[in-house]
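As structure tokens, one chain now follows by itself in the form predicted on its own.
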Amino acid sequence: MPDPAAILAVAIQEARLGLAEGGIPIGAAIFRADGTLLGSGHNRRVQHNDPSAHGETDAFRNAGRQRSYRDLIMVTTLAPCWYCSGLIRQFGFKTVIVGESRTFQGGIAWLKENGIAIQDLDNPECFQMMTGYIRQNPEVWNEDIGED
């Protein structure tokens, strides 16, 4: 397995790009077990006016079709929401690296219950990006997670 902090760095760079574009700072990437990057992306809901354009779905689309996802690693700066947890479960990812889950738990417990290995790195930069964004944009954040 590749170094979790090194592959998280790719997702963090994507989150920074999203923030610079005026969007929600959530980045993701998909890797092979040998460390080969297949695709990365970031949340583009605001930029594309598309409620389905989450970081994980952007990375998934950018990775292209794969014969199987079971040996691939999903890396995301924030715990995946229910929508993205469903994608992870449906396509059979067995490993998810999470930058942080203090600001949002998403579907982590459900993924674990379904046999998916979750490694939460509790990365300070991921936490600071999200808490800063949530503080400055509570309405957009609540929209993103389906809260009123």
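Residue indices: 1-based, along the sequence shown. On a predicted model such as this, the values are computed, not experimentally measured, just so you know.
Although not depicted, the form predicted in complex with a further copy of the same chain is the subject of the following passage.
Annotated contact segment (heavy atom within 4.5 Å of a further copy of the same chain in the predicted complex): 81-89, selected among 119-127, 95-103, 33-41, 81-89. Residue contact check for residue 1: none of its heavy atoms lie within 4.5 Å of a further copy of the same chain in the predicted complex. Under a 4.5 angstroms non-hydrogen atom cutoff, a further copy of the same chain in the predicted complex lacks residue 6 among its neighbouring residues.
Contact check for residue 115: every heavy atom lies farther than 4.5 Å from a further copy of the same chain in the predicted complex. Remark: residue 108 does not count among the residues lining a further copy of the same chain in the predicted complex, judged by a heavy atom distance of 4.5 Å or less. For the partner-free chain shown, 45, 46, 49, 50, 51, 52, 54, 57, 60, 61, 64, 65, 66, 67, 68 of 31-68 come within 4.5 angstroms of a further copy of the same chain in the predicted complex, judged by any non-hydrogen atom.
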